[in-house]
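Starting off, we have a lone chain in the form predicted alone, written out as structure tokens.
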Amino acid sequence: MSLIAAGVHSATLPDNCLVRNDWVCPLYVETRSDVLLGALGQHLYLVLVSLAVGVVLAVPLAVLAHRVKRARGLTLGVTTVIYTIPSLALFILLLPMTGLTSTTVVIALALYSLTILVRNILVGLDGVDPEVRDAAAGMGLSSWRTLWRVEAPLALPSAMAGLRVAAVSTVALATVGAIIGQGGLGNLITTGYSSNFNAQVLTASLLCVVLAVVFDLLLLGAQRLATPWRRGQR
């Protein structure tokens, strides 16, 4: 029942940004802070868990592709093919196993991150000077100790660069989870768009941008702390 039909004249409505349906509306943030925080928390959960799973899977895959030449093409090919699968199709493929849950989104985002993470880790490992490996072997280091103590630190800048790109990409892709109602800020964007709620659409979109920038800056800081020998090269 509309307000007018209920006997409430439109002139009695308060004149504020919510009533005017403004794009920029501080009152929306003030009155819906619990909804925003809930969506932001779900978005953070999706991004953090997806990236963690992606890293856990990408490291052994990249090492395998680096050490076993026959596995390189297969690894890069499979991760690339996964990245080309539309998100809706990937969700549908996962639904019989995981249902309409956040697990479906986490698995999809982790799989999407693999193509970026694996390639960057592999580039870092491939970029290690062969003379450095020879020196490590001359010191008596085993193959795995050379990987852990020599190759991994030298590959870290490239790996961190890939993690930064994957993090920003995952923040954006997580909004697609709104397709199955598990999209964090994406849920607010889609419901706001369908109901013509401008303040909700703009606020949720801006939070996605801010979240991506924060992730990038935090990972950049972590990269600088983890690779102090590269500071003088910048």
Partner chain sequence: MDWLTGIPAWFADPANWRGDAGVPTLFVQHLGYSAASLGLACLVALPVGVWLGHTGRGGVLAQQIGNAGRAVPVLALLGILLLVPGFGRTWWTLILCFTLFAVPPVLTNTFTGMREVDRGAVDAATGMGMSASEVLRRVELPLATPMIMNGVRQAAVQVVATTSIAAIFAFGGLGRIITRATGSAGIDLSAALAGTLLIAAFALAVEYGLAWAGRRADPVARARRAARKRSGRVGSSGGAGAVTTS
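Positions refer to the first chain, counted from 1. Fair warning: this is a prediction, and the values are worked out from it, not measured in the lab.
Just so it is clear, the following notes concern the form predicted in complex with the partner chain, a form of the same protein that is not shown.
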Among 101-109, 133-141, 148-156, 83-91, the stretch whose residues bring a heavy atom within 4.5 Å of the partner chain in the model of the complex is 83-91
Of Leu61, Val176, Ala39, Leu51, the only residue with a heavy atom within 4.5 Å of the partner chain in the model of the complex is Val176
Item to check | Distance check, Leu122 to the partner chain in the model of the complex, heavy atom within 4.5 Å | outcome: yes
Even though the partner isn't displayed, in the model of the complex is Tyr193 close enough to the partner chain, meaning a heavy atom within 4.5 Å? yes
Exercise: Ile116 in contact with the partner chain in the model of the complex, heavy atom 4.5 Å:
yes
Might Ala226 be said to contact the partner chain in the model of the complex, defining contact as any heavy atom within 4.5 Å? no
Checked 153-188 against the partner chain in the model of the complex; residues with a heavy atom within 4.5 Å, sequence order, are Ala161, Gly162, Arg164, Val165, Val168, Ser169, Ala172, Thr175, Val176, Ala178, Ile179, Gly186
